[in-house]
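There is one chain below, alone, in structure tokens, taken in the form predicted on its own.
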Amino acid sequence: MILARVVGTVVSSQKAQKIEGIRFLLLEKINPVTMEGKGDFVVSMDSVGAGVGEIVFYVSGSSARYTDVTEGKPSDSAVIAIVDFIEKDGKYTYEKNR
């Protein structure tokens, strides 16, 4: 699983029938200690209802096809969780409601 920040959405009016109705998010991988973006982006299928600005876990490769939303779909990346907090060495580096 990889940590990322939702930085936007991606809209496509023409797409394969199997992925119609699925929401696509633009993610930027983050450093979990500094919470800074790494400038490395990926488009991911949203399976949890994440919003712009939220920190999420996403999976890639064949693991991306194991959610209820993405099962049997041509997916290489899926958001699978919204992060509530990140703690390292007894200190919170991220808290969702702060």
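Note that residue numbering follows the sequence shown and begins at 1. Just so it is clear, the structure is predicted and the values come from calculations on it, not from any experiment.
One more form of this protein, predicted together with a further copy of the same chain, exists but is not displayed; see below.
Proximity of D40 to a further copy of the same chain in the predicted bound form falls within the 4.5 Å heavy atom cutoff.
Contact between V33 and a further copy of the same chain in the predicted bound form is found at the 4.5 Å heavy atom cutoff.
Contact between P74 and a further copy of the same chain in the predicted bound form is found at the 4.5 Å heavy atom cutoff. For the stretch 71-97, the set of residues having any non-hydrogen atom within 4.5 angstroms of a further copy of the same chain in the predicted bound form comprises G72, K73, P74, S75, D76, S77, I80, A81, I82, V83, D84, F85, I86, E87, K88, D89, in sequence order.
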